[in-house]
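One chain follows as structure tokens, the form predicted on its own.
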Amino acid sequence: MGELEPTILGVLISGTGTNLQAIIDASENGELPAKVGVVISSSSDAHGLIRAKVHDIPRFWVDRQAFGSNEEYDWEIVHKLKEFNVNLVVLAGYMRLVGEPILSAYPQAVINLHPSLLPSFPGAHGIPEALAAGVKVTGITIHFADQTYDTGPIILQRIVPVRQEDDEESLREKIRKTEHKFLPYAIKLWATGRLVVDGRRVKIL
């Protein structure tokens, strides 16, 4: 896998791209044995596209409205990923469900990041839902994507304490800092061939 060929990342985004930036930084400073080959956004005004431009990384907005179905849209993304020789897809704040075309093209090679300790608080509102539930800890989950939201085999999780003075903004900032540290680490585990999927479990060699 990652040991036999250089890891070229295709990063899918929808928004600010702070995790994209963490990946780029880790790649450029030598911490991550992988490089970002292409950035694809589901939103035309995603700030992450600007981050990619600053680092001279190929970047595209793929407009869902230009395609007759989600499947056609996902096939267009696959074509872009293949064009740039991507072998690991990273969903970094990508607010769409990846479909069968992408999952089939990249088996056990689509990694998603989620801002809660799954299976608690799946979906788009993990941070406010954790606050509303009154939990004392939440965290991040990095997992392989599958055909439903936030249910694939878990690669790693890290705890983020919830303080009684935390609001959504402060908790989000703590979670982001944790994401920025551990998403590049999870990519490194894949790139160095250290992840083995055994059913629902992911073993780290």
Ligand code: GAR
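From 1 onward, residues are counted along the sequence shown. Predicted, not measured: the structure shown is a model, and the values here were computed from it.
Below, we refer to the form predicted together with glycinamide ribonucleotide (GAR), which is not included among the displayed structures.
- In the model of the complex, none of the heavy atoms of K174 sits within 4.5 Å of a heavy atom of glycinamide ribonucleotide (GAR).
- The closest non-hydrogen atom of M95 lies within 4.5 Å of glycinamide ribonucleotide (GAR) in the model of the complex.
- Contact check for T16: a non-hydrogen atom falls within 4.5 Å of glycinamide ribonucleotide (GAR) in the model of the complex.
- The closest heavy atom approach of L113 to glycinamide ribonucleotide (GAR) in the model of the complex falls within 4.5 Å.
- Out of the listed residues P119, G123, G134, P107, G123 is the one that sits within 4.5 Å of glycinamide ribonucleotide (GAR) in the model of the complex by at least one heavy atom.
- Only one of 174 to 182, 60 to 68, 26 to 34, 152 to 160 lies within 4.5 Å of glycinamide ribonucleotide (GAR) in the model of the complex by heavy atoms, and it is 174 to 182.
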